[in-house]
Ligand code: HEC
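The chain below stands alone, shown as structure tokens; this is the form predicted alone.
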């Protein structure tokens, strides 16, 4: 009798330990301890500082790294065959791709390969660069293995020297802003733009030139990024603006101001999405089915995207604002070799 009782006791303990549901068949509820689920805390972002430019090796690999830097900072000049507007890579990735919270290259490199809903498959870093040329640069994608992509990959790889993988790096991508207290408003956004943005980007958003070179990028119009670019999503633009604008005075706008001015900028016409099907409504349904995209929306009686300049067009950049920007322009860096050299250092596994 004692052995049978002991056996029953052990079975009852076992049932409780593994969460058997037999007790609930009799109307009893499992104890709270058996159902409580403690979620792990989100891992803290890991700080990382990219190596200084002077650390670029003085060898064949370093030559290609420098070429990648030149492509990044003077994109249209270094790769005109693939660029269809007046922008450079560092217009969206500041300080030659080094600055935290402006989608820095060192964080992007360790974030790939990754699945992207925009393409519907796992993208390599090279494929991501192709998308930048196609959408943000309003041009055409260099083929995989092209020296342009190899140089940009080499520059990114070098900048990520020592960066850990499988962790979240502090400053990666653009900040994710909370929803503002008030619905974003274009009228308020225009006021913010006029007061704090137009001095650099021009009243019509076409950018400013100095000495025949574009000093500040166009934010809309025929020489800006096209409708397929990520910056055309209001939430992404708001995060970038909050952290980085006005230039040199990031984090000075309120969240509401960042949302408002992002909506205003993204409510302007720009080059057509290269995925355009021939119908704005169909293109929106297939590629812009999100409240964060203004493509296909009606603004002041105009359907955005309906008269967009052709993707890949390269109009003459504006010149009316050259004197106003002259004081801001400074020349940087040194010329990179015209032809990339093979890497001679040991390959990483």
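Bear in mind that the values here come from a model prediction, so they are computed numbers and not experimental data. Residue numbers count along the first chain shown, from 1. Rigid core: the largest C-alpha set superposing within 1.5 Å between the two forms.
Not pictured, yet referred to below: the form predicted in complex with the named molecule.
Engineer: 169, 151, 89, 234: which sits within 4.5 Å of the named molecule in the predicted bound form by any heavy atom?
Structural biologist: Checking each option against the named molecule in the predicted bound form, the one that comes within 4.5 Å is 89.
Engineer: Can you pick the one in 247, 187, 203, 122 that has a heavy atom within 4.5 Å of the named molecule in the predicted bound form?
Structural biologist: The option sitting close enough to the partner is 247.
Engineer: When the named molecule is placed as it is in the predicted bound form, which of 273-281, 125-133, 160-168, 177-185 ends up with heavy atoms within 4.5 Å of it?
Structural biologist: Within 4.5 Å of the partner lies stretch 125-133.
Engineer: Quick one: is residue 78 in contact with the named molecule in the predicted bound form, heavy atoms, 4.5 Å cut-off?
Structural biologist: No, residue 78 is distant from the partner.
Engineer: Counting only non-hydrogen atoms and a 4.5 angstroms cut-off, does residue 108 reach the named molecule in the predicted bound form?
Structural biologist: Residue 108: yes, in contact with the named molecule in the predicted bound form.
Engineer: Is residue 137 close to the named molecule in the predicted bound form, meaning a heavy atom pair under 4.5 Å apart or at it?
Structural biologist: Yes.
Engineer: How about residue 217: is it within 4.5 Å of the named molecule in the predicted bound form, going by heavy atoms?
Structural biologist: The answer is yes: residue 217 has a heavy atom within 4.5 Å of the named molecule.
Engineer: Need the contact residues for 266-304: heavy atom within 4.5 Å of the named molecule in the predicted bound form, sequence order, or none if there are none.
Structural biologist: Contacting residues: none.
Engineer: Superposing on the rigid core, I want to see if residue 251 changes position between this form and the one not shown - specifically a Cα shift of 2 Å or more.
Structural biologist: Residue 251: C-alpha displaced by less than 2 Å between this form and the one not shown.
Engineer: Following rigid core alignment, is the displacement of the residue 115 C-alpha between this form and the one not shown equal to or greater than 2 angstroms?
Structural biologist: After core superposition, the displacement of the residue 115 C-alpha between this form and the one not shown stays below 2 Å, so no.
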